[in-house]
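First, one chain by itself in structure tokens, the form predicted on its own.
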Amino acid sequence: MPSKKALIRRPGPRLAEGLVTHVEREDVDVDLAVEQWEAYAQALRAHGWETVEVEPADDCPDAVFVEDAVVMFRNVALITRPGAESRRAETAGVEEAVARLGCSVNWIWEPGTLDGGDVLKVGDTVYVGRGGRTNAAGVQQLRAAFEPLGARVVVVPVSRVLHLKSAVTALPDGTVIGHIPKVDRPSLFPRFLSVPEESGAHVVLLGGDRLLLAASAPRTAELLTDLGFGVVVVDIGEFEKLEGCVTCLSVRMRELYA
């Protein structure tokens, strides 16, 4: 049977020092962030996901954004080389976690840079954001790792947000959703639905018609509910101050087999 595991990583005490690029820095309440993270993890478990905690990396302020450290395609884990040098120490613990789960492990090597938040998978199509954190060499190495497995890699420009998945994610039927002012090239996606809020562009597919969405996007929640989806709302406000969203707090692993 396909797996339903989700990698997560507990926020560290230095979370408030995390990087910000496209937003003004705000004070982060670390205690509240931990509460929000625990509620996020519980929402995953409530919908059938087995959460797997990566060892904390307390010296890495951004380590809670575990999605940036690895990209999964089938049972292959591609360990990234983050575009921000200060985040590169985050990957070691993630590599250990995916190896324990039996993944085949590949790596992005210098001079390549790749953040997992720049990768959106829709079926066998892998969209890769080319922008501030992911460079051409990183894209080339991702192609080399995943195209032999059947992936079709499509490069997407990213200039208005931190990562591709800060701008767009996808619904279960493959429709890509995004907030138009933050999307460089909506025409690159065969099916595109505009949503009314920036944080409404970020959904985690929980299974079936269930979607995880940030509490900061009530109008998008209403839109998606009207379209027939079951919307599960979580408050991740402290992480949003650091350009985080619901996708980057976990890595959903659907194609591991026992």
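All residue numbers are counted from 1 along the displayed sequence. From a predicted model like this one, the values you see are computed outputs, not experimental measurements.
Heads up, the form predicted in complex with a small molecule isn't pictured, but that's what we're talking about next.
Taking the partner from the other structure, the small molecule in the predicted complex has no heavy atom within 4.5 Å of any heavy atom of residue 11. At least one heavy atom of residue 243 is located within 4.5 Å of the small molecule in the predicted complex. Within 4.5 Å of some heavy atom of the small molecule in the predicted complex lies at least one heavy atom of residue 117.
A residue is said to contact a partner when one of its heavy atoms sits within 4.5 Å of a partner heavy atom; residue 168 fails this definition for the small molecule in the predicted complex, lying far away.
Heavy atoms within 4.5 Å of the small molecule in the predicted complex are found in exactly one of 160-168, 176-184, 98-106, 139-147, that being 160-168.
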